[in-house]
Each structure stands twice: as structure tokens, then as C-alpha cells.
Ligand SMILES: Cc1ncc(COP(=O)(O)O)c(C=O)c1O
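Here you get one chain, nothing else, as C-alpha cells; it is the form predicted on its own.
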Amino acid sequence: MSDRHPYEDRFGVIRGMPGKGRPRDEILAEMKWMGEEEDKVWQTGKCSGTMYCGDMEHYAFLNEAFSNFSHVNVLQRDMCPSASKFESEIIAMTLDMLHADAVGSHHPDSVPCGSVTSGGTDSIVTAMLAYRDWARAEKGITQPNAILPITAHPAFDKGCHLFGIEPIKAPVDPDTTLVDMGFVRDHIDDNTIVLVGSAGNYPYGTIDPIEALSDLALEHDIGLHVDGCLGGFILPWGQELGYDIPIFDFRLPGVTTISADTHKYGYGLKGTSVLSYREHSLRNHQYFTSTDWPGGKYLSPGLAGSRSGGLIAATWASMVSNGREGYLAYAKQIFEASYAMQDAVKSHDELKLMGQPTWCFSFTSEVFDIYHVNDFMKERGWRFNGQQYPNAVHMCVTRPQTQPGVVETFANDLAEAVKYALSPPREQPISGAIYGGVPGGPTPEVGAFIRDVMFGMLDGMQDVPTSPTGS
């Protein structure tokens, strides 16, 4: 593959609109080749997260479901009433999984509801918008702040940035990786509109003390958003299976919204997510209407206008085809694989698990730079996600890791990686420059340099080369 542009050497680069269209079979053959080559990266079971299902027959089923509505814009409900069936039932199934039936016991006047969004970031950003406008309308707050753990997903920072909310970052306990409740309690003020907790957080897979956050939210009459984008569609099944997973959902009276991604452990196509609300009055603040536009009266339920009917249909099909029994069976396999992999980590005194994780875990080392382990494992085909402050390696276990032999391969490769890290061929790990950091974070100068590099990476994802190779 070319360093200048993906597949430049094999397929060339399109730098402008072709004058004449290409044959469809030629186009499809080219795309099929790329797709099959890229699937090989994760089909080994050595890729953390990313591919949550991995079942090609399930993907084929979803693609067929998608094809019936691939041309549909669900904004036009008079033409596609099926979208209302699919969307409302996706929300209903999600609310059932998150124990929304318990709301009646602690908020008898509230009726839980939800919204289907384009992904986890969309769900989180939409929730932040709803809280901002709710606090402005109901409390007169014009300079809002939100208190969130440093482990909370960057989508919360994005939402705060977009909607003028001050993010107050709470530290986490270095041993448990959970949010410092004393900090949260001490920093709630008259402008605080929402608290945030993760179930579980992306870096470590650990679950913040949602019950304690719920108590604080009730005490101060503020919102509590539980970010279950990653864990929302697997932790409930883990609870049913008897794993030690604390309550984090609508059974807690202070929880007002929960985000849970259907395109992760719901095994839907990218990208869909569900933002669930304890009550309709809060959801109303995510809506947008325009009554005086010359083009007619306009309304949309969230940030997006046009949305794909195919994605909503495929998500519904995934949830209905799996059902409670299917989700429980897959969750059992994933939890078993995760705990076996964690046992492999714990078998090495040089390695340390971060907190008390369940299906998703991270580990570090106080003996050597953990990125030496990452370097070795990468050579063996493993694709981990790197953490920083402190340096750590993250493994999000999905269905591909439940394939026969993957856990054993992980244990064997990890044992060799530890030996490698104890006597590495180079002082500085190769992956350290990408993922590594120093305690306390980079200096402003280093931070600015890293941002420039990241901007360049984003440019590279979207821009074609300015001229052909060698010209």
C-alpha cells in the first residue's frame, strides 16, 4: 500500500469527477478485493474492539435487511411509516434492557423514552445539548458546567465545546480507576447541569460509582448521564449471568439519560446508538423545529436531518434476530474469554491490571515501559489500543476473541512479550511515540506539536495527494 494514499499503487487515485462512468462489475470487484483484504486484519481475533460481531453470516443478513430501505430517508415518515415501527421498537427494546420499568417506582409521573442517533458521539453530544437547554429553560442557567471523570469519552468535551458548557474534569483513583467522588461533590455549584459516569469507561472498562452519582444528582436536582456507549449492550447481560457488575441503569432514581451503542454489542451496522431518557420533558430539549421557513414547517428529532432508513431497519433486524437468548449467549462467551485473558495478564508479576474490569480491560507495568509489550504483540498480529497517563495497553474483548484458540494464543504471545520487554532491543519502544506520554500530561509546546500531527492525520484521511507519485 502506498504511503501517499491508500491503494494508490494498485488502483490509482481519483482526483476529480470522471468524465465517463466505469462498469459496475469492475467497481464492485475492486471494492470486494479491498473489503476482503481489510477483513483479514480482524478475523484472526487479534484486534481489540472495533469489530464487535465478526459473524459474516450475520453481516450478510443485516446487509439484506438494509437493502430494503437503503434508499429511504426517514425524515419523510409519510412515505416510510416502517421507520416509525423500527425506531420506536429499537428504543423500547433498549429501555427494557436498561430496566426502564423501574422508573415508575421512583418517578411515577415520568414515562421513559429515547432516540436513535448515528453513534455514541451523537448520543453524548445530543444529551449535552438537551441538558444545556433544559437548564436554561427550567433554571435560568446561562453559564453551565458539567462534571465528568478524566476517563469520560472525548465526545463530552466535543459537546461542551459546541454548546458552551464548561467541562470540569474530576480525577480518578489511580488504583481503582474510578471517579473521585469527593472531587465531584466539592465542585457541584449553582451552574452545574449534569454529572457524568461511565459504564464502563473506554480506557479501562471499569464502571464508575453510578449509585453514588445518582444520590448526588437527586440531592442537587441535576442530571446524571451514564455513558454506556461501550458497555450498555453487554453489561446488562453480564448482570443476568451473575457477574459482579454494579447497577448503573434506570433502577437508580438519579439516572436521567443513558447512551448505549447498538452498533457495538447490539451487533448492528455502523452507525447507530440509542440515547435513553428517564422522561419526555428532557428529550423535548433535543428536538428542533422551524415554523416560519418558506419551505414549510420543519422538524427533526436531533442533530441530523436526513437519516438512513437502511441503518435503522438493520439495527431493528439485529436486535430482533438475536433476542435476549442470543445476547446472553454471546455475552457469556465474551466474559469468559475476557476473564481468561485477564488471568493470563495476572500470571505475570511484571504486569498490572488497571482497576477491576469485566469484559474490557487494560494493563500496565511498573517494571518496564508497557509499549515494549505492545511492540512485540504487534509483530504477532495483535492490534491493541494504547493508553497514556499512565502508559497502558487496552483490550476490548469482542466475539472474534471467542474463536477457538485465540485466548491461548494471547497467553502464549503475552508470555513471550514480557520476556521481550524485560530485555528489549531498543530503549525507546516504537509505539511510544504514538501512544506514550509522561505523567501529568505533555507540556503546552508538546501538546501543540501533537495536535499538529493529529490534524495532519485527519487531513490524510480526507485529502487526495496533490499530484501523482514522481511528478
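Don't overthink the numbering: it's just position in the shown sequence, from 1. Quantities reported herein were computed from a predicted structural model and do not represent experimental measurements.
Quick note: we don't show the form predicted in complex with the named molecule, though the next part is all about it.
Do His372 and the named molecule share at least one heavy atom pair within 4.5 Å in the model of the complex? No.
Just to confirm, Gly120 within 4.5 Å of the named molecule in the model of the complex by heavy atoms? Yes, Gly120 lies within 4.5 Å of the named molecule in the model of the complex.
Using heavy atoms and a 4.5 Å limit, would one call Leu213 a contact residue for the named molecule in the model of the complex? Heavy-atom contact with the named molecule at 4.5 Å: absent for Leu213.
Applying a 4.5 Å heavy atom distance criterion, does Asp261 contact the named molecule in the model of the complex? Flag for Asp261 set to yes.
Quick check on this chain: which one of Tyr327, Phe335, Tyr202, Trp316 has a heavy atom within 4.5 Å of the named molecule in the model of the complex? By the 4.5 Å heavy-atom cutoff, the listed residue in contact is Tyr202.
Taking 4.5 Å between heavy atoms as the contact cutoff, choose which of Cys229, Leu98, Leu195, Val393 touches the named molecule in the model of the complex. Contact residue from the list: Cys229.
Exactly one stretch in 102-110, 121-129, 69-77, 240-248 has heavy atoms within 4.5 Å of the named molecule in the model of the complex; which is it? One stretch meets the cut-off, namely 121-129.
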